[in-house]
Structures are given as structure tokens and as C-alpha cells.
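The chain below stands alone, shown as C-alpha cells; this is the form predicted on its own.
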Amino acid sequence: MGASAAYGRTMPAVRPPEPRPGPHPDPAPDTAAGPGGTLPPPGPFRPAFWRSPLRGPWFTALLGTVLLAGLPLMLLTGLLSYAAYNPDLPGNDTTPGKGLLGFYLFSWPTDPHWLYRLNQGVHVTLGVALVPVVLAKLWSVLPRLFAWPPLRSARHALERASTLLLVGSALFEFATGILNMQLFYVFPGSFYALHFYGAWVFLAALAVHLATRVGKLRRGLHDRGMDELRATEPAPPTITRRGAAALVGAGSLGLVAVTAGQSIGGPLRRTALLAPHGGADPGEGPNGFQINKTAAALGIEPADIGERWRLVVRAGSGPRTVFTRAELLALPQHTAALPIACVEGWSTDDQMWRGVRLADLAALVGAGESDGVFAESAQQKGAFRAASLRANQVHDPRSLLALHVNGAVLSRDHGYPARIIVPANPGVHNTKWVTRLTFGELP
């Protein structure tokens, strides 16, 4: 009886022992062989290494959509900026052997006079604004860079190669562009050549990447597909995906706020904390506007621009006509309200320039309506000691050899005794400290 009663009692359930604290074990997908039949190496090659709950199709696709809207515009304005340099003219280009990559080049117009200012302002401001989006996008797809096995098929190899080129060229373009904004030239060779070739690599990689990924981008916006981005064992969330997207957007807007003023001008110029500060403080008064490089920094000696300074003007190999500054002042003077806009993204507001029209100087030496000009400077250091202008730039009535600005004599740093100013022209081609103008048919 006692025995049978004992067997009839309900025994309490035995609880399994609590797991010991320690490293999280790898889930099953990490220990299973991949499509290539081999186990992934430990660390970032195993899915359980990536635990953020933010990664997923929606977050990645949203960032990709923003970049798909912004990057083509940034590329377009960058290529237009290169065209504005008229790089096929003597002295204008430090990019050798561009060959077919220069197929789209055209004669840069002079109207509207603020064209280059707008183009370069959009290019630089947009480039800075997209930095948080690019970094967030790279973070969101980081697990894919460690996918195992590395190559599964020819299509997969093409996709991975385009991704690596896309990531590498994007980082290169953004890094060199931002360094150039700050006049910080630590990269080897010419910024123009490096940035130009980098842009074409980026464009080719982007085209291949979109061709292989655009369908996944559409599905990702509905939080479908790209399941390999989801954490197999997510950590507790500290922010929602929408919150993370808002944080990235706020970062971009903040960068716009401290960048755009250098191009927009007016009161917003005071907020342009990321504007280049490589030049000297221009001070107050009529010459108190942005200076990129000072006369001293470019090797201009007092003797180069003193009383012995002369301007030599000629048409082709014809006779030379030599002017003193006083003789230039005796010629008919004209005024033009024009900005200076530079590749770094900064620009001035319109300044009131006064001097001799380039077209009048061309006529004095017998140059024709179809002739451009090759301008040389007293500058001793750096690139662009000479630059060429097309005929449409020379014969625009607002194109001047300026002697005054805002009612005052040019300051030494702004190009005294004489500088070129042309509407819609990149600032570096508005040659300062001009010593020689050669009009003629430019190759």
C-alpha cells in the first residue's frame, strides 16, 4: 500500500540548471557549412558576430534611396566643374591622358554670371551633407563584405567586385574632396587628376552595382529581401530604425548648416564653419572679401608688382604692346558686378570690379573676334601660373582686366596691379598679378 501510494504521487518538475554567464554561443548557421561546403572562419565571417538589431532591408534600402537621389547630382556637378576649367586649353589642366573620359567637354558659358558659383556650391555642400548617409550605409551593409564563401558564382564575383570598387572610390572621392575644401593637400599628385579619375571609377562601379541590386532596393523599402543583413541573434535595441534614420538625417542637416553659407553668402556666411581658412584674413574695407592664397604664399615679391611692373600684350607672334599701370588706367574703364567662386566651394558675393575690357585689349593688338587669350602671372609657386580663356569669355563685355574693386585699388593679395575677372569662371582662372596676355587661336 505504502509503495503503491508513493508511486501514485505527482513528482515536482525538475528545472534545468541556469546557463552560466559567458560568451554567447554561435548559433547553428555559424557551425553549418556555407554554400561552398566550408565552414566560415571565426569572427566577422560568422553571422552571429553582427548583433545590431538596426541592420535590415528597410534601413539599408532607405539609405540607398537617399544616395541614389544625391550621388548622381554630385557626380554631374563634379563633371561640370571639370568642364568649367576648359581643360583642353593650354595651362588649364593638370590631368594628363584623359582621352575618351573627356568626351563630354564643351565651351563653358559666361551666362548666367553666377553659374559656376551655383554649380560648385551644390557640389561641395551636397558632398558634405551626404557624408553621414554614406557612412551609415557602409555600416548597414558591413556584414555583406564578410560574406562566406567570398565568391559563389560569376554574378556574385561581379557584384562583390563592383561593391569593393564602389566603397573604395566613394571613400576616396569624399576624403579628397573634403581635404581639398580645407586646402590640405596630403594626397600624392594633383587633386584635379585624382578626383577626376576617381569620379569615373565611382560612376562605373555605381552603374554595375545598381544593375545588380536595384530589385533588392525596391524590396528592401518594404522590409523584404536582403535577410542576410538581419542579425541572427540581435542584441537588445537602444534606438528604433526610424530613430537611427532621423539621427543620420539630422547629421546631414547639421553639416549643411555649417557649409552652405560659404556659397550662399549674406548673413549665412558667418555660419560656414567648414569654409576653407587657408588664406589670410582679408580684413575690412573694399578689399575685405575671401582670399584663397596670399601673394606671399605664392611667391609674389614686392619687385614683381612694384613700379617696374609692366603688362605685355600681343596677338600671336605679332608685335608686343607694353603697358604701365598708369597707361592702363588711361584706357576706357568699365565696371562689372561679379563674384569669385572656387573649386573648394566658397564664393564671394558680387563685387564691383573696374578696369579695361579684355575685348578692348584684344582689339588694340589686332586680335580677332574668334581669339582666346593665354594669361600669365608673376606667381612663382603652385599650379595655374598661367591659364587660357576661350573667345566667348574674352569677348563678354563683363570680362575685365581689373584694376580696382569696390571703388578702391586692388590689394596685393587680390591681384594688384591687375587681375582678370570673367563671369562664371572658376576663381583659379581669374588670374592675379597678370604680366602677359597673348591673344590668338588656342589649340
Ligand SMILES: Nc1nc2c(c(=O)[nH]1)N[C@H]1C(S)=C(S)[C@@H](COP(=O)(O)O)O[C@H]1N2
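Numbers for residues come from their place in the sequence shown, where the first is 1. Quick caveat: nothing in here was measured; it's all calculated off a predicted structure.
Heads up, the form predicted together with the named molecule isn't pictured, but that's what we're talking about next.
Q | Contact flag, residue 427 vs the named molecule in the model of the complex, heavy atom cut 4.5 Å | A | Yes, contact at 4.5 Å.
Q | Distance check, residue 290 to the named molecule in the model of the complex, heavy atom within 4.5 Å | A | Yes - in the model of the complex, heavy atoms of residue 290 and the named molecule come within 4.5 Å of each other.
Q: Could you confirm whether residue 385 comes within 4.5 Å of the named molecule in the model of the complex, counting heavy atoms only?
A: It does: once the named molecule is placed as it appears in the model of the complex, residue 385 has a heavy atom within 4.5 Å of it.
(Q) Please tell me whether any heavy atom belonging to residue 379 falls inside 4.5 Å of a heavy atom of the named molecule, as the geometry stands in the model of the complex. (A) So residue 379 counts as contacting the named molecule.
Q | Candidate stretches 38-46, 393-401, 53-61, 412-420 - the one whose heavy atoms come within 4.5 Å of the named molecule in the model of the complex | A | Every other range fails; the passing one is 412-420.
Q. Here the chain is shown alone; which of 260, 336, 342, 133 has a heavy atom within 4.5 Å of the named molecule in the model of the complex?
A. Only one option qualifies, and that one is 342.
Q: Scan 248-268 and write down, in order along the chain, each residue with a heavy atom lying within 4.5 Å of the named molecule in the model of the complex.
A: Contacting residues: none.
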